[in-house]
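Shown below, as C-alpha cells, is a lone chain in the form predicted alone; questions about how it binds or moves come after it.
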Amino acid sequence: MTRIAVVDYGAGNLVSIDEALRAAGAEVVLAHGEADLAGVDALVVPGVGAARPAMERLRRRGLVEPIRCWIAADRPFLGICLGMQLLFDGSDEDGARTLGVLAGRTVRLVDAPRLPHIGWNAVHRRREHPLFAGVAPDAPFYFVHSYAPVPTGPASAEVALALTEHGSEFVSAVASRNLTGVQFHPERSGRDGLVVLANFVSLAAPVAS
C-alpha cells in the first residue's frame, strides 16, 4: 500500500484530504515533524490562509528543510492551494519568503470580477499529464483563493500545467518531474477531484522489486 504523509501545520482541511486519499487506496500518515516522513512514499502539503503564518508554522515544526530536501530528491509531492503557492520564491499577499523550489511569486489575481475567487471553474490543461488521467479536458474544479503563483524563468512554460480564467488567466496547476501542485481543492471537487488524488496515489506507488 502506498504510504502518503499529509503535512499537518494547522493550515488545511485534513479530514477531507485524509478520507479522499484513503478512498484512493493510500495509507495516510499525518506529519507533524520530520520524523513522520520516515518510510513514506509521497508527501502532500495542503493549505488555506496566508503564506507568512504558514511558513512560520512549518519552521516551528522543523519541516521547511525536510520539504525542500524531499522535492530536491525528486520524490512524489503534491501541493494543494496554499501548499502549491508555498513552492515559489515569495508571496505578495504578506511579503513572505516561501520555499523557493520553483522560480516565481504568488500574486493577487488580476482583473478578477470578485475576490476571493470561490466556486467551480474550468481547469484548462496546457498539456497532458498523468495527474489528470481520466479527467475530461477543461473539467471544473472547486477554488477558494485570491492569489495564485506566476512562474518565471526559462522553465516557466513547462512548469505551468494548467490555466484557469477569473478575470485574467492564472496558473491553476503546476508540474515539474515528480513535483505537482494544484490551486483548486481536489478534496472538494467531486468525482474529478477524487480522480486527481487517486492518480497521485498511483504515481507515488512504490515500484515492486
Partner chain sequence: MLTVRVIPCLDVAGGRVVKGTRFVDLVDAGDPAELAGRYAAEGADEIVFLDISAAPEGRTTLRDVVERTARRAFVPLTVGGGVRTTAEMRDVLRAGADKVSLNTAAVATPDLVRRCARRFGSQAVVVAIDARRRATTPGHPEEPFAWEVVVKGGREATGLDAVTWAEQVVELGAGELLVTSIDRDGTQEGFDTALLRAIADRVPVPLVASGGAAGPADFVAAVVVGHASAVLAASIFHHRLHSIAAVKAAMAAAGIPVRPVPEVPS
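Positions refer to the first chain, counted from 1. Quantities reported herein were computed from a predicted structural model and do not represent experimental measurements.
What follows is about the form predicted in complex with the partner chain, which we do not show.
Just one listed stretch, out of 65 to 73, 149 to 157, 46 to 54, 169 to 177, contacts the partner chain in the model of the complex at the 4.5 Å heavy atom level, and that stretch is 46 to 54.
For the candidate spot formed by V15, P116 and V144, every residue has a non-hydrogen atom within 4.5 angstroms of the partner chain in the model of the complex. Remark: A20 counts among the residues lining the partner chain in the model of the complex, judged by a heavy atom distance of 4.5 Å or less.
Within this chain, E165 lines the site of the partner chain in the model of the complex, having a heavy atom no more than 4.5 Å away. At a distance threshold of 4.5 angstroms between non-hydrogen atoms, G33 is out of contact with the partner chain in the model of the complex.
The partner chain is not shown here, and in the model of the complex it never comes within 4.5 Å of any heavy atom of V195.
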